[in-house]
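Form predicted alone, single chain, as structure tokens, below.
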């Protein structure tokens, strides 16, 4: 709907965020605008601004709330710019609670928010991510005002996703448990003093742990989850980075500060729209039994690169800390079982089952967006993207767009990454 202020304005300038540096990001920025119905003309004399010409499908105030790649629209700073500024870390993709837990292969929050706009999801609509991973889609959906459903087969991912979304709700209470958490963890670390040079599970095989006793005394599940995640982050830091006890204390401080930032963001956002409680559960993307047929408004996900990247190995310290049998869990994870051609074949079969479930639960006329890359297995290039397109079209999806994007941190594993927009 065109507002009165829009009608009186000939041209409005939308300025890109100063962190935008790649051509693919500019392409996604433009698609955000056109997805929201804006008439877009790049300014020829520079590369950071777009001219928006009326009529608009939505008001410029609404663009300010929604856009991800822009620092301002007209004379107003975008909501996303304000959110990114609430950051305890150096990287702009780790703002609020996005940085919780060192998960391998996560995608950028800005990308997820831009996809909301490209496919023009509406506040309150239901979004599904059947491969929850580090919970990026979960937190972005929550901040955007979407009803979210997320599943992952890993209990670590489920815990991370829950804490990222709920930490703000209990931010004021978290400091009350900090002293006891540090004291309890220190006792467990001292008990394992002989293992300070390498990783040692803090919870004994018989389940004895001062820190576990501390967790058991907390009545609020959200607070328990928060401090259990702090335990898993420390387990990962000790195992993968040989960090000492000071890392736990530092992480606790940063985690509480980020939770407070999230509470501040929630206060700001709730003035404008409802924030839905996300439903995050352990589950298998190949069989989404709890999700009804054609009940989801949008799907945004990035399937695992597990044929080339063993998530169970990367998360082994956290999983062991939870008492999870990694071998048993790995047998149920897509892309881990088998070797070589057999591994790829099983991965393809499992992903076809997952794509079929996505098609089943998505409403007709709505979109499923899949971020997927071409992985290497034993030095051989796979056809992950081509296979995804071929199978999804065979079951009834229509490929609307196939957009390239740069992938960071996995250059030896993933050759390229694409964002596939399918419509049912």
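Remember, predicted model here, so these are calculated numbers, not experimental data. Numbering follows the first chain given and starts at 1.
Another form exists, predicted in complex with a small molecule; not displayed. Remarks below refer to it.
- Shown without its partner, this chain lists 145, 168, 133, 278 as candidates; in the predicted bound form, only 133 has a non-hydrogen atom within 4.5 angstroms of the small molecule.
- This chain lacks the partner; the member of 227, 95, 248, 103 within 4.5 angstroms of the small molecule in the predicted bound form by a non-hydrogen atom is 103.
- Using a 4.5 angstroms limit between non-hydrogen atoms, residue 237 is distant from the small molecule in the predicted bound form.
- Shown alone here, residue 304 lies within 4.5 Å of the small molecule in the predicted bound form, counting heavy atoms only.
- Of the heavy atoms in residue 73, none are within 4.5 Å of the small molecule in the predicted bound form.
- Interface residue remark: residue 255 is not counted as part of the site for the small molecule in the predicted bound form, having no heavy atom within 4.5 Å.
- Residues within 4.5 angstroms of the small molecule in the predicted bound form, judged by any non-hydrogen atom, belong to 281-289 and to none of the other stretches in 268-276, 77-85, 181-189, 281-289.
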